[in-house]
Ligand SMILES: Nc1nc2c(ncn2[C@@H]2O[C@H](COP(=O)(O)OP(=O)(O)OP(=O)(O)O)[C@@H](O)[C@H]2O)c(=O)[nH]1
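In the form predicted alone, a lone chain appears below as structure tokens.
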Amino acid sequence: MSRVDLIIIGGFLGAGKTTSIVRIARHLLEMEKKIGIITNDQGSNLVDTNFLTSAGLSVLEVKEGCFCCNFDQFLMRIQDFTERDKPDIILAEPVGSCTDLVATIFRPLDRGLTGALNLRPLSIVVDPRRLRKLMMEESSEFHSEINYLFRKQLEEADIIVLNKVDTLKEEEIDEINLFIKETFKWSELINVSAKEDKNIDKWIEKLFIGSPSERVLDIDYTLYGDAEARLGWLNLTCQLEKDEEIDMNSIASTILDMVKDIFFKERYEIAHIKLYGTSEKDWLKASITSIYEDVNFDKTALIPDKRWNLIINARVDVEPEKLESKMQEVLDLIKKKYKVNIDEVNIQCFSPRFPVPRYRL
């Protein structure tokens, strides 16, 4: 039986990993490759899974914990794919607050826990705005532990993928590239725009050259655990209904703007908030990645409807209790502003548990 290529694409929350995976998957499908995707989250009800499924891709989830702490479930999902769909390539997206992947995922896989995989180089996708803060050593709204985690993700990359270059001037790209090359000398570098499908083909070429490094991080698990514990993690589902057709694009944009304004005033940085809405006729996806940035739509809804199901995934540098109360406050405001019924509200809100990898080699 031929071996399956496993491509792991990591990076901090909001870097554009999911959009990148969609682009890579489409390129590989055009090359007549059969693709499977494994998503990951500390909770359940994932926007990413629904978004990827809407794009026509085959997706399985590892829920209630990261790949490394939930390694047996991750391995089971790989086996499910290989037995059920027999893919040529599996793309896996670990939680955006996860690092130390070489020691806790790559090495255990490579040491014989599975014999049917070709491990491909580790890509870490990076948002240029977050990287510029690191370059300039600015104080940011994130606590120092979270910045520590972000740097560690970059340190173990085989390939650093500078995403969103469509938002940068040439001189800005040159400046960031120089910093990456001088600071993370052992990593390859590629500039891409997942949104505009720029250089995705060149990234794929790099993925199929060589093997993952054996470089294991020198990592302080106390700092790493503190970084994850700093983030409030909210997964929310609900149903919106009205006697007349709902302008879901307007509601989605207003929800994200309201949340951003609330946390901007109190200086609680947003790592990522994703919103996914579906009706019987259409779907939409929108997100924000900072208290300083505008709402971005991956897709707007084109067909109005009277009933919508909504999923919100929020990762914010704030206590879970405050995150949940502020999100509930926003829903109440939306209910009044748009005169819409909001029912079947289900909220998970927590801080991730201390990372305890199943294996660390």
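Keep in mind it's a predicted model, so treat the numbers as computed, not measured. Numbers for residues come from their place in the sequence shown, where the first is 1.
Not on display, but discussed next: the form predicted together with the named molecule.
Student: Even though the named molecule is not shown here, does residue 270 get within 4.5 Å of it in the model of the complex, heavy atoms only?
Tutor: Heavy-atom contact with the named molecule at 4.5 Å: absent for residue 270.
Student: Mark residue 195 yes when one of its heavy atoms lies within 4.5 Å of a heavy atom of the named molecule in the model of the complex, and no otherwise.
Tutor: Taking the distances in the model of the complex, the answer for residue 195 is yes, it comes within 4.5 Å of the named molecule.
Student: Indicate whether residue 166 is a 4.5 Å heavy atom neighbour of the named molecule in the model of the complex.
Tutor: Result yes; residue 166 sits at the interface with the named molecule in the model of the complex.
Student: I'd like to know whether residue 25 contacts the named molecule in the model of the complex, with contact meaning heavy atoms within 4.5 angstroms.
Tutor: So residue 25 does not count as contacting the named molecule.
Student: Sort through 291-299, 27-35, 59-67, 326-334 and report the only stretch with a non-hydrogen atom within 4.5 Å of the named molecule in the model of the complex.
Tutor: Flagged stretch: 291-299.
Student: Flag this candidate site as yes only if 12, 15 and 287 all have a heavy atom within 4.5 Å of the named molecule in the model of the complex; otherwise mark no.
Tutor: The answer is yes; 12, 15 and 287 each reach the named molecule.
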